[in-house]
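Only one chain is given next, in structure tokens, and it is the form predicted on its own.
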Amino acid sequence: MKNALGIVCACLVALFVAACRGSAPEGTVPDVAPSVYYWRTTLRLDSAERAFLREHRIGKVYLRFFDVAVREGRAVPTATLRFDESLPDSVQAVPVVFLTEECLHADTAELAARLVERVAKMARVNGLQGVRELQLDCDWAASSRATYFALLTDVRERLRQMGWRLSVTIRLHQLSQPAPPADYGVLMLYNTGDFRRRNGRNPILDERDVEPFLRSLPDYALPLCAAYPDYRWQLLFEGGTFRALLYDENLADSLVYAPVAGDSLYRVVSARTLHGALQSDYDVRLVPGQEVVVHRSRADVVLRLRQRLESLRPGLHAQTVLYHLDSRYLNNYNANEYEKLFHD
């Protein structure tokens, strides 16, 4: 009788714990390791980037292979990664494909097959050993959810036949939507604000922009890890109106720019045309009186937010991902802050 009572009590406790967890997902992120995104169009690591991978024991690189965009009504690959060299043997490569949301409103009937075939061929031709995962990155909305989820289901089944798994990026606004059919998600904690607004907030990451979405985090029905920023933006404004996102301008050039507020605000003092702004084909015309606002990702904000999210969803940071590996930005944080980000 005593044993029977104990069993009943144990069952009640188990039910209570399950109820408290709500619809939290089963399973975890596989092959966890300190990770980085690599988001350039040529794979070429300099000495500082290779040293960073070694020093912080990076075990995984999410490597952008190509984008998919709509051209003449069809979803086609663009901006394909060129392999000038290989990754260190110590890191696992995870191919990433970025899909514009517009693709989901085009013909997607053959997209899954073409996408998986192209990724597998690129990995094979470029000697990437041990690839066992593909990640899809898409800022889908409620209106395109059904199409995107159908595409993911098709891609996932094809990957399973190859012995690969599927991961996806999750943006904050997508936390309130049903979870996509994937093996796990990477929660993007960057680009959280509107960089076109001149309101003083840091559009790269600001806690006030993140907080409204966190009510959906504890019970989000997909295994998750988190990705945090390490980069800066140079935003060109004219009379408070956004004009362009510049690409690594030399703001110390006193012939063109004059500092107004330290290294965060500059005024344009002479006219110039910038060619290929934001690594694109379009030009930007600078005229005197315009302002360049500089935003940088901040370690104190990242680490404080990391602690907040971990309290809401324990285990979220079993794997942390840095966006992104680029020697121009690796002095944004000091070595101790990077260690806290990856290993605390």
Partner chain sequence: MTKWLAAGLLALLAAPSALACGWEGTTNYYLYHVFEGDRYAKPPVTARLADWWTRYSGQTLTVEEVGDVEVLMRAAQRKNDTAMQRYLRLLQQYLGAAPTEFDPWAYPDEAERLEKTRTLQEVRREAAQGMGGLLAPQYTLLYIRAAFQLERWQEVVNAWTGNAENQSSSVFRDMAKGFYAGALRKMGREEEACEIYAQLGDLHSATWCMRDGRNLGCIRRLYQQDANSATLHLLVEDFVNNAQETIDNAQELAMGRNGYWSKVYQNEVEQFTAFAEQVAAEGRTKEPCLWLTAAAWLNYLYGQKDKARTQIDRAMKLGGSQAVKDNARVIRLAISTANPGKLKSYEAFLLPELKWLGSKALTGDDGNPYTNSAVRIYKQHLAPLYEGQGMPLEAALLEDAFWWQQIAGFDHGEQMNYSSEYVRSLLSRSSIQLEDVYDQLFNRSATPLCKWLFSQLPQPMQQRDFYADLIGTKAIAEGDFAKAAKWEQQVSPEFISKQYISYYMARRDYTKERWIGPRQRTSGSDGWDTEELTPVRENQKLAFAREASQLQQTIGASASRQEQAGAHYRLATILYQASPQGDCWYLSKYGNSSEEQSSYLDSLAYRHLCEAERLVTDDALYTRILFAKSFINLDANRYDADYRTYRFWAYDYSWETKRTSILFYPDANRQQGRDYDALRTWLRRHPGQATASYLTRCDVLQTWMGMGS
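Positions refer to the first chain, counted from 1. Because the structure is a prediction, the values reported are computed rather than measured.
Although it is not shown, the form predicted together with its partner chain is what the next lines describe.
K.L.:
Checking a candidate spot here: are Y62, D263 and L325 all in contact with its partner chain in the predicted bound form (at least one heavy atom each within 4.5 Å)?
P.N.:
Looking in the predicted bound form, the three residues Y62, D263 and L325 all stay beyond 4.5 Å of its partner chain (heavy atoms).
K.L.:
Looking at 204-212, 142-150, 191-199, 110-118, which stretch has residues with any non-hydrogen atom within 4.5 Å of its partner chain in the predicted bound form?
P.N.:
Selected range: 110-118.
K.L.:
So which of H105, R267, R160, H173 gets a non-hydrogen atom within 4.5 Å of its partner chain in the predicted bound form?
P.N.:
Only one listed residue qualifies here, and that residue is R267.
K.L.:
Going by heavy atom distances of 4.5 angstroms or less, which of S90, Q129, S254, T241 would be at the interface with its partner chain in the predicted bound form?
P.N.:
That would be S254.
K.L.:
When the contact criterion is heavy atoms within 4.5 Å, does F237 count as touching its partner chain in the predicted bound form?
P.N.:
Because no heavy atom of F237 falls inside 4.5 Å of its partner chain in the predicted bound form, the answer is no.
K.L.:
Look up in the predicted bound form whether D283 has a non-hydrogen atom within 4.5 angstroms of its partner chain, and give yes or no.
P.N.:
Answer yes; at least one heavy atom of D283 falls within 4.5 Å of its partner chain in the predicted bound form.
K.L.:
Are any of the heavy atoms in R272 no more than 4.5 Å from a heavy atom of its partner chain in the predicted bound form?
P.N.:
Contact with its partner chain, yes.
K.L.:
P259: heavy atom within 4.5 Å of its partner chain in the predicted bound form?
P.N.:
It does: once its partner chain is placed as it appears in the predicted bound form, P259 has a heavy atom within 4.5 Å of it.
K.L.:
Mind listing which residues of 289-314 have a heavy atom within 4.5 Å of its partner chain in the predicted bound form?
P.N.:
If the 4.5 Å heavy-atom criterion is applied to its partner chain in the predicted bound form, 289-314 yields only G289.
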